[in-house]
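The chain below stands alone and is given as structure tokens, in the form predicted alone.
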């Protein structure tokens, strides 16, 4: 089984990836948070900083992700990424459920218009064929949801994907309307696995070793096809040792989690312009990390109540001193 680290905007940028890579490095690929090209000729500054080779550990197998619904914008950004050395795989985001993204018919919003998707892929893969004929070996993968409103939409969406040589179809089996609520639609994922002409990867709700085995067993029991790759996001942010545990390694300890916390705190502190920004960032991390503890609600409450870094650090000290991991 291959394991991929899902992108999470505002969290899994190069500062986070480098820390995780140094401390754990259990995943086969990291997918970067999306870049969103526009009318500008080139991506600049903050748009591209996360992907600059000098900002990422050499050992990281990083796949950039583009958010676009226009082939010319995608191609323009892809050409710049190739110049930076990303000449193996570029991912299209067709799954982001954010309201601001969807309102522009991007991310999961793109799924509403399969005719527009078809035109997009036709132009993009014609460019890719020409690019690779010039000596490149680039592939395009897609991260998708199963529809905008209803799971029934997925059959038509998959028909479009099947017309093109997508290197991997990463399926989060929820609609945009579900956001992250409810349970993944495993029937829709089974349909993808059995009917996709391209390799399929599963993404969604893998937060524990038990969840992983339950999902994998269900996929393997319900389908003649076997799954070969898994993408994990929030589960890995909360428990950075999760992939190692899935592989049969030792369980997460408080010492490991504390070292992870301290590394993130110190690294984020170096790039944050104000204490309040660091406090907000670390509180966001604890929305996931607190789930490792027996009394996760009390741990989360301690962090939420901290109004400055001094009180935050007292709360963190109390958590690691008094509370035990599950």
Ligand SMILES: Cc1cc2nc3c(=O)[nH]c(=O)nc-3n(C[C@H](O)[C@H](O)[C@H](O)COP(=O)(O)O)c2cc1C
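All of these numbers come straight from a predicted model, not from anything done at the bench. Residue numbers count along the first chain shown, from 1.
A second form of this protein, the form predicted together with the ligand, is not displayed here; the remarks below concern that form.
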| Is it the case that 9, 93 and 205 all touch the ligand in the predicted complex, with a non-hydrogen atom of each within 4.5 angstroms? | yes
| query | Even though the ligand is not shown here, does residue 233 get within 4.5 Å of it in the predicted complex, heavy atoms only? | reply | yes
| said: I'd like to know if residue 149 sits close to the ligand in the predicted complex, meaning any non-hydrogen atom pair within 4.5 angstroms. | reply: no
| said: Since only the chain is shown here, I'm wondering whether residue 65 would be in contact with the ligand in the predicted complex (any heavy atom pair within 4.5 Å). | reply: yes
| Is residue 37 one of the residues lying within 4.5 Å of the ligand in the predicted complex, judged by heavy atom distances? | no
| Segment that reaches the ligand in the predicted complex - one of 48-56, 27-35, 269-277, 254-262, heavy atoms within 4.5 Å | 27-35
| request: May I ask you to list the residues of 169-190 that have any heavy atom within 4.5 angstroms of the ligand in the predicted complex, in sequence order? | output: 172, 180
